[in-house]
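For reference, the chain that follows is the form predicted on its own, supplied as structure tokens.
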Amino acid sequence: MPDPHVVAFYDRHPISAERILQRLRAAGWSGERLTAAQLWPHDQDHYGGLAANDTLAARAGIGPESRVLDLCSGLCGPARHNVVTRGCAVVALELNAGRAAGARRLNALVGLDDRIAVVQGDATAPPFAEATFDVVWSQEAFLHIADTPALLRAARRVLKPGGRLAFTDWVAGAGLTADDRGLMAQGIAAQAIYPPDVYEALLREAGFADVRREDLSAAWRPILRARLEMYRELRTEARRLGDGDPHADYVRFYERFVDLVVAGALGGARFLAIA
């Protein structure tokens, strides 16, 4: 059963569909239809932005004929980018009802609701038949799911023979302590963080014959520092607007989060697993 803490974490997440539209209104948008490219500076809630999308899509071999399942799809920023730049069709599976609704709203505003089907559901039990998709995709989301073996088996089940699971996620370094894991659980609802070799073993146990991994830790460190500054700015803006201090805990957590990444206790990795 999904952890309610994970659902609640995304209910209060600083990046939301309404927040994105507020920023566009502040920049002069009057409510007419948008292009996906107008959303891209605001809707890529993962590390590395559009360049990270392009690299992961290239590793996964996504093209015009690809049918992609985006697991834990959030507001569908990467899904929209893949549809526009790669010509694929995407099914987006998202647990949080508010984010699923926000994704549908943004997809409709950019005229992509016929290319991206948003489904609310559990990534460990996706409501799709076996061998349905060419690619299963995710970015920094699997850490929110406690039952990683069930998640990876589900991804393998819905992939066609030769299909690719392409994702990025946090991985544990040698110095990650039990207290650090508790901090991650409290701060960003992290349920499962594995050392890279353990992650690879879990993928093979799920039925993936070919597993490849790239270390992203060095690339993510400056991104984390920049994201911390973004959250500090959001906190300042909320205070200026008289909205209280809703981002205080987030900022405090990210300050410690950055320290763990700089120390090597946490790292990032890109995985490609072939069915």
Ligand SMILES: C[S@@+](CC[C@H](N)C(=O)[O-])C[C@H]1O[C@@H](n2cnc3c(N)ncnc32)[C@H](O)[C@@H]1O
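Computed from a prediction, not measured in an experiment: that's the story for all the values here. Sequential numbering from 1, following the sequence displayed.
The following text describes the form predicted in complex with the named molecule, which does not appear among the structures shown.
Checking 157-165, 199-207, 102-110, 135-143 against the named molecule in the predicted bound form, the stretch whose residues place heavy atoms within 4.5 Å of it is 135-143. In the predicted bound form, none of the heavy atoms of F257 sits within 4.5 Å of a heavy atom of the named molecule. Heavy atoms of V90 never reach within 4.5 Å of the named molecule in the predicted bound form, leaving it off the interface. When the named molecule is considered in the predicted bound form, H46 lines it closely, a heavy atom lying within 4.5 Å. In the predicted bound form, the named molecule sits beyond 4.5 Å of every heavy atom of V83. Applying a 4.5 Å heavy atom cutoff to the named molecule in the predicted bound form picks out R99, G121, D122, A123 from 97-127, in order along the sequence.
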